[in-house]
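Here you get one chain, nothing else, as structure tokens; it is the form predicted alone.
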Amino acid sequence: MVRSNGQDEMLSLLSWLQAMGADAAVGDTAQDWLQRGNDAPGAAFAWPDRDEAASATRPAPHAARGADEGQSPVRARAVLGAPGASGSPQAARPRAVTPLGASEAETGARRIARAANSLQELEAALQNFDGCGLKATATKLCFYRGAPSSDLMIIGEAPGRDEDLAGKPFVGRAGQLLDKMLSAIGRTEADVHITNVVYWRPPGNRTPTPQEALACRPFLERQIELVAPKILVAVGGSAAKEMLGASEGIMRLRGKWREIEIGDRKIPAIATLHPAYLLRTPAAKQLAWMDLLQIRSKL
């Protein structure tokens, strides 16, 4: 079957949208957001007359009156809901929880995490924690996979699309390569504990912000205490900087042993290259293998 140039462009556009984190459609009727000017999504807006279908998607007139009579636009939208395809309001959706400030989130997280006496309790605490804004855009919590207690703990950067759908870290192509790397030093999923610096997928697979990592940090530290590993391995530049408190790039950080103080313990830690980077740069696998040999020797 021969595709036209238009079909190729559309497939390329869909691939780009998927790579940017657009996983699902949010409406049955397409909307031209450029027509809205500076109006925020959800604000009352009179769509230009085009045809009968377009007029059916206009906000109900009393939505604007709610704002004129002193009622806030947010309140008006919460009461009325979004217009459906037939023009009638749908049931109101619950308003998203506003994330806490970074310091407030960390303080609350530290108190909540400290009360958890098992990984099950810690996971339940994370499910109820609203201090990290990533939770609002992610599909699932990605807590850990592998052994609940292990002498080797792997810490990556953040969940990706495959992880967000599965609810487990490192299950995509990069995770499959990580499993092969661990197998090369005699380790399987049952022998290691694998997690990330943040527990929810950042939109578009971007790097987590320092504020997002700070909000999750108390849970990660408590998780390390409960797992009680002999060695920590930070995978990738972002995880290495966060775990080691360093500003250098991964090429300067990798392959060097340091100690991280968690609770009343000092744990040996090493950074290595991320499997996703190795998939893009196969020549760097030699460096990762040298790091793996150090890890095997240390264990």
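The numbering used is simple: start at 1 and walk along the sequence shown. Predicted model, so just to flag it, every value in this text is computed and none were measured.
There is another form of this protein, the form predicted in complex with a small molecule, and it is not shown here; the text below is about that form.
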Choose one stretch from 126-134, 113-121, 212-220, 160-168: the one whose residues place a heavy atom within 4.5 angstroms of the small molecule in the predicted complex. 160-168
Tell me, yes or no, whether Lys241 is in contact with the small molecule in the predicted complex, where a contact means a heavy atom of each within 4.5 Å. no
With a cut-off of 4.5 Å between heavy atoms, is Arg254 one of the residues that contacts the small molecule in the predicted complex? no
